[in-house]
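The form predicted on its own is given below as one chain in structure tokens.
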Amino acid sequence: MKTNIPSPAWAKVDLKKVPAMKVPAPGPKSKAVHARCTKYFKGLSGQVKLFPVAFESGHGCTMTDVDGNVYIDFSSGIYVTTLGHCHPKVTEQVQKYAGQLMNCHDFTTEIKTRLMEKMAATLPGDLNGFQLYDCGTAAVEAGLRVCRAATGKHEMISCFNDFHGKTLGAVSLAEYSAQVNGPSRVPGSHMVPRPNPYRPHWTKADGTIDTDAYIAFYEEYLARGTARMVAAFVLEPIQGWGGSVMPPDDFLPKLRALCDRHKMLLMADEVLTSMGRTGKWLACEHWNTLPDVVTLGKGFGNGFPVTAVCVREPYKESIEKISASSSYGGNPMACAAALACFEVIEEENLLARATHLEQIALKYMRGMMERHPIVGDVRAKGCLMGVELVKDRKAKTPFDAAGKLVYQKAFAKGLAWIPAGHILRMSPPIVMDDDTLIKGLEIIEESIGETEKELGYAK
């Protein structure tokens, strides 16, 4: 596949004007608006608490706060605006249906029918049974119910450091805090370690990660740690919240085979990784693995709240068994936004564009690792990227204090992005031009250098 695909002209950034920090951020207007809002609005994310700016507008790959500061966007609204802010076609289609038909519960519409046909024609394999929702968590919960209905079994296995949402079933698939989430998980919820090439639990004699050892552990756990009523193995193909962690190349095919042996379904939570974010429609395609159930979200509507559960042909009638409809899922505005996203990705050749940006980012970040002792690992699939900061490369000790400082310093220089403790997470829009990507990485590297000096780690 040709990867050197130009970015769309409408999204190109003038680096003579961006970033533009007119006042030190967070500026006075941001502070005032933030104080007014948080008098009532509670439960902010960690990234807002670390850097409480108030945004006013976005265009393409930039965002502007209420003080007039203009930032390069390396977050995509937490992996959401994959096609950039206010993509002309997506905006046009949402506006059209906002003035034509906003909602009609789950009655059929022409725009929904066209979206269903497009999804069936575009997604891999026989993923051709769909239901639509308004948030990722709702799609995950529906996927879990489909797995139970299709298999007649109730247990679920998920992975350490994965994230699937904030309702009870989804929360039970992730690391659990009783104080936050209640006194217990959903009965039948199990968790296992997943292969992390940089931080492996099991290695071969040569020190490389031993995927077979993970699969062997899963085999034993299924036999001894469950009631042998496992409906599905649920995972993110690439960990997002966990820090853009990529699996070894042989993991997903071997996991697929494990699921087949034990007659359990494979459910891939692709809310974060789908719709071109990694250079494929689904991240699982990188490893030629077809899940039985897939969730889509975030970039699925490029900011409009629309998500989906997608089910393979043999199991799609199970959707009928779970009372699947929702009040807002599949409304005409949502369907128009999602269909426009499919069309834009094809028309602008953005799968190839994402792969091209990956190549640029990896080359730069590998150089960064050579130049900075606290950079322990770098990784990328498409526009899903991560830099892991460590106190000591040999011990791989996570360096949370450095991560916090680098995040704040880069944001103050005009880079809007995502913190994750010691892992710097990056998810620029896949429409970003090459020079803007490099500029963002330069801001991060400058911030790493300043942090090393401040913490006494400079070479």
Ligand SMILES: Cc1ncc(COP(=O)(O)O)c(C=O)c1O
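Because the structure is predicted, anything quoted here is derived from the model rather than measured. Residue numbers run from 1 along the displayed sequence.
One more form of this protein exists, namely the form predicted in complex with the ligand; it is left out here, but the text below deals with it.
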Hey, of 328-336, 121-129, 92-100, 266-274, which bit sits against the ligand in the predicted complex at 4.5 Å between non-hydrogen atoms? 266-274
Can any non-hydrogen atom of Glu236 be found within 4.5 angstroms of the ligand in the predicted complex? yes
State yes or no: in the predicted complex, is some non-hydrogen atom of Cys135 no more than 4.5 angstroms from a non-hydrogen atom of the ligand? yes
Would you check, heavy atoms only and a 4.5 Å threshold, whether Ile157 touches the ligand in the predicted complex? no
At the 4.5 Å heavy atom threshold, is Trp281 in contact with the ligand in the predicted complex? no
Answer with one of Tyr315, Phe304, Phe251, Phe163: the residue that has a non-hydrogen atom within 4.5 Å of the ligand in the predicted complex. Phe163
Listed residue that, although the ligand is not shown, lies within 4.5 Å of it in the predicted complex (heavy atoms), from Leu173, Ala354, Ala380, Val140: Val140
Can you tell me which bits of 273-304 touch the ligand in the predicted complex, meaning any heavy atom within 4.5 Å? Lys298
